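Take a look at this single chain, the form predicted on its own, given in structure tokens.
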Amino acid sequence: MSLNALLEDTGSADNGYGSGIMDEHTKRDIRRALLSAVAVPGYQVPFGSREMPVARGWGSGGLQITLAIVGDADVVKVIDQGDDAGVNATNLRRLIVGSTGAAETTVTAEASIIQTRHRIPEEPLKSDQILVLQVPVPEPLRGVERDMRELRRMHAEDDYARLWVSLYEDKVRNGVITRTTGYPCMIGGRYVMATTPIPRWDCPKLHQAHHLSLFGAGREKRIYAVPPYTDVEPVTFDDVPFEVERSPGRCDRCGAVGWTESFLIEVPNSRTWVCSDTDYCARRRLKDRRVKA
């Protein structure tokens, strides 16, 4: 389902959206919340989160968004930390495809909806693709304030002083800002947003991106979005530049250089490193074989 279709049709029951485990009323409610989130980038929109047939922590928020926007003509890709074959990815993909009838793929370029946990694909997404991210904790200020009323006030008044202080204390104590996953970012110069547990490597991919990014937190009942061509600036100091993770060496499978070409992860019980994005790694290996041939 394209962004234009999502914006144009939020009320009709006969609109091409796939049927499945969610009724049409629930889907319309979620799509209306998505419209509010797109209209105010970075703002957390409350929605009536439903119980999903997945365990808590398996991404019920992202699943609800995907089920609400997926259409008959959509092609769905689901990844878990970049891997198409992970347990989380495989079961969610089976659930989405089995309940909606949508097509499935593991190729990033072929997907119209990409649901992900902890990673953004290495390949830049196009304007006709939608990225759905599963969110465990949507509140970027949870580490400095626990009271929900105070958190709402801080966002409303653009009061992020305590967040700056926490980053300053981190810098003073450790010499560097040690926060890695879920790094807070300023969206459109107004709201600070939690980027979910994606690595810092992925934060620059949201800046002025061509695609629409939708974030869903099922347990916290919050939805927020980063529309296409929106400024996404990591919260940092003028004299302390933002840096991504420095993965050592090269991918043991495709030869991609860590820190410059791909985000690498260490193979358990081994000293080798591989690309987190399995589709990106596979395409690089295929290209190398074709070049050699």
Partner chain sequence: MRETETWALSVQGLTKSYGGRLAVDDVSFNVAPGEALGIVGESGSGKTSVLRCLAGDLDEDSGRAYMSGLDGGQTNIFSLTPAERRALRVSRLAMVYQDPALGLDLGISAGGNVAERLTAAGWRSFGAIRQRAAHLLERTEVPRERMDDLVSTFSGGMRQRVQLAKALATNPPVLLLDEPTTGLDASVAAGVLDLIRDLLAEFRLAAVVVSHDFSVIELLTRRVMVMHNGRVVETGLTDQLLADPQDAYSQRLVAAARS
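In this text, all values refer to a predicted model and were calculated from it rather than measured experimentally. Positions refer to the first chain, counted from 1.
This protein has a second form, the form predicted together with the partner chain, left out of what is shown; the following refers to that one.
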Considering non-hydrogen atoms and a 4.5 Å limit, which listed residue (R162, R190, H207, H210) is close to the partner chain in the model of the complex? R162
Considering only heavy atoms, tell me if V240 and the partner chain come within 4.5 Å of each other in the model of the complex. yes
Within 4.5 Å, heavy atoms only: does K126 come near the partner chain in the model of the complex? no
Where, within 163 to 197, is there a heavy atom within 4.5 Å of the partner chain in the model of the complex? Residue list please. W164, V165, Y168, E169, K171, V172, R173
